[in-house]
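Shown next as structure tokens: one chain only, the form predicted alone.
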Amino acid sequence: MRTPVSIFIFLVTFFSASSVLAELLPGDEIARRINARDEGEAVSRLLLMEMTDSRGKQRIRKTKGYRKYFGDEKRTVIFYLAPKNIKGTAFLTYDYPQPDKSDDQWLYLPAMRKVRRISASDRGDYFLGTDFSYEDIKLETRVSMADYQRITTGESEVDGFHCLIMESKPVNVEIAAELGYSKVEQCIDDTIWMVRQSKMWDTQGNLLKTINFKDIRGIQGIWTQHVIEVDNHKTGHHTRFVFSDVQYNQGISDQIFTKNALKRGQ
């Protein structure tokens, strides 16, 4: 049986914790601040992809990527440069600001000599042998406002940086099936409003992936992640993205972001 003193201590601790949580920013406000962060009108960069399976076998891909805003619409394209057997593969996405308009994504495979449109039901599939989904690649450093309901659950530290913890759950079972996630927990640096760590649970409620965003530093006045590491807890697979030669606002041609450019290459 609890004594009056122990009950008092419990109540003080409970209401103190509740008060702290009440003072934290709501999940939707955190998401808005993430999405409002300056990403520059356009960016070009080299990306080295390293994929390591559970036996330690490694595959390396070299790519060149571009991203540009057309008003509130974001377009992203990735061209594969090496190795030779996948050189010429390209991926293009149009991310529309309207929540009721489905984004467009296309994939060009040189062996098929054909541009294939990726449907919304495919967006939870893994992107070309990595541990990222097509949706993860499309969002980059942003979060989806339409697909999730979110709450703030507390505070934490990642690599010595103070973070707010945001828990997001799909708005319905159909969206959960499309995305492949039943829950996402993100640690957001509340100084620069960038995600430093994400954890994803699969539709059965099992921890699926942990993503760490590292080497975040300013490039031309814009906070930029240079390393992303993903551990797939289900398969034992590991993906590492290393960005280099990041250049913002360098006058990237609109024509790069077209289906015809996928066939021509960069």
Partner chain sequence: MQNIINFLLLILWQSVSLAVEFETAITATGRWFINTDNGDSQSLRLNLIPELDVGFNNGWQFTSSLRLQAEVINGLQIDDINRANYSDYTKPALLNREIELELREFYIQGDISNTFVSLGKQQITWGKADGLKVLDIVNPQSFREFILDDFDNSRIPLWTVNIEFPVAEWNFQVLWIPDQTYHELPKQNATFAFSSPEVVPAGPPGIQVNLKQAERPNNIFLDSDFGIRASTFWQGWDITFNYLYQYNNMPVLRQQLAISDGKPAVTITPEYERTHVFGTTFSNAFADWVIRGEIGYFTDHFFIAKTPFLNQGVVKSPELHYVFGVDWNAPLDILVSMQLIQSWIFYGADKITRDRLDTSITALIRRNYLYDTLVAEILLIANINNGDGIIRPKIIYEWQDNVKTWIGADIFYGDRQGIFGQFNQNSRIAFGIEVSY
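Residue numbers count along the first chain shown, from 1. What you are looking at is a predicted structure, and each value in this text was computed from that prediction instead of being measured.
Unshown form predicted together with its partner chain; subsequent notes refer to it.
Participant: Heavy atoms within 4.5 Å of its partner chain in the predicted complex: does residue 72 have any?
Facilitator: Residue 72 lies outside the contact set for its partner chain.
Participant: Heavy atom to heavy atom, is residue 94 within 4.5 Å of its partner chain in the predicted complex?
Facilitator: Although its partner chain is absent here, residue 94 would touch it in the predicted complex, with heavy atoms inside 4.5 Å.
Participant: Would residue 61 count as a contact of its partner chain in the predicted complex, using a 4.5 angstroms cut-off between non-hydrogen atoms?
Facilitator: Looking in the predicted complex, residue contacts with its partner chain include residue 61, since a heavy atom lies within 4.5 Å.
Participant: Determine whether any heavy atom of residue 157 comes within 4.5 Å of a heavy atom of its partner chain in the predicted complex, and answer yes or no.
Facilitator: Flag for residue 157 set to no.
Participant: Can you pick the one in 98, 85, 191, 172 that has a heavy atom within 4.5 Å of its partner chain in the predicted complex?
Facilitator: Exactly one residue meets the criterion: 85.
Participant: If you check 151, 176, 128, 137 against its partner chain in the predicted complex, which one has a heavy atom within 4.5 Å?
Facilitator: Of 151, 176, 128, 137, the residue with a heavy atom within 4.5 Å of its partner chain in the predicted complex is 128.
Participant: For the chain seen here without its partner, which of 141-149, 160-168, 104-112, 181-189 has a heavy atom within 4.5 Å of its partner chain in the predicted complex?
Facilitator: The contacting stretch here is 104-112.
Participant: Taking only heavy atoms into account, state which residues of 30-59 are within 4.5 Å of its partner chain in the predicted complex, ordered by sequence.
Facilitator: If the 4.5 Å heavy-atom criterion is applied to its partner chain in the predicted complex, 30-59 yields 55, 57, 59.
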